[in-house]
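Below, in structure tokens: the form predicted alone, a single chain.
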């Protein structure tokens, strides 16, 4: 497992106690988590502090947002070396229609798409939906 404090320092983020807790929680989670999931885990933490932690992590390419169509933004740790760049760091996500978990499929990269002149991509998100390996018994 990644050493959280060193990883954060390399990304220019001061490793406070709350940031370390949130980082470790996300690192130990196989599925992406919502702000509410994180709030429920750290019930005594202030919602604003948790939101700011996620926003800082996102700004420094420690986590990325996932819009899986559920209406709830989810967050997952970026893999080492990720800078959340459209040209090289995008990967598939999978949302299970049964257990409602969303996971990163980081080994499956989204190829770079050459857009017509005048078009500028600012974000991309590819979510496959179906039944995950846990729910399908595979």
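Small disclaimer: the values here were computed from a predicted structure and weren't measured. Basically, rigid core = biggest C-alpha set you can superpose within 1.5 Å across the two forms. Positions refer to the first chain, counted from 1.
Quick note: we don't show the form predicted together with another copy of the chain, though the next part is all about it.
- Item | Answer option from 61, 27, 105, 45, heavy atom within 4.5 Å of another copy of the chain in the predicted bound form | So the residue touching another copy of the chain in the predicted bound form, by this definition, is 105.
- Message: Quick check on residue 75: any heavy atom within 4.5 Å of another copy of the chain in the predicted bound form?
- Response: No - in the predicted bound form, heavy atoms of residue 75 and another copy of the chain never come within 4.5 Å of each other.
- Taking heavy atoms only, is residue 11 within 4.5 angstroms of another copy of the chain in the predicted bound form? Heavy-atom contact with another copy of the chain at 4.5 Å: absent for residue 11.
- Check whether residue 16 has any heavy atom within 4.5 Å of a heavy atom of another copy of the chain in the predicted bound form, and answer yes or no. Judged by the heavy-atom cut-off of 4.5 Å, residue 16 is well away from another copy of the chain in the predicted bound form.
- Contact label in the predicted bound form: residue 128 to another copy of the chain, heavy atom within 4.5 Å: Contact check for residue 128: yes, within 4.5 Å of another copy of the chain in the predicted bound form.
- Could you list the residues in 106 to 135 that come within 4.5 Å of another copy of the chain in the predicted bound form, counting only heavy atoms and keeping sequence order? In sequence order, 108, 110, 111, 113, 114, 115, 116, 117, 118, 119, 120, 121, 122, 123, 124, 125, 126, 127, 128, 129, 130, 131, 132, 133 come within 4.5 Å of the partner.
- Item | Large Cα move at residue 121 between this form and the one not shown, threshold 2 Å, rigid core | Yes: residue 121 shifts by at least 2 Å between this form and the one not shown.
- Rigid core fitted, is the C-alpha displacement of residue 71 between this form and the one not shown 2 Å or more? No; that C-alpha moves by less than 2 Å between this form and the one not shown.
- Message: Quick check on residue 51: with the core superposed, does its CA move 2 angstroms or more between this form and the one not shown?
- Response: Not so; residue 51 is displaced by less than 2 Å.
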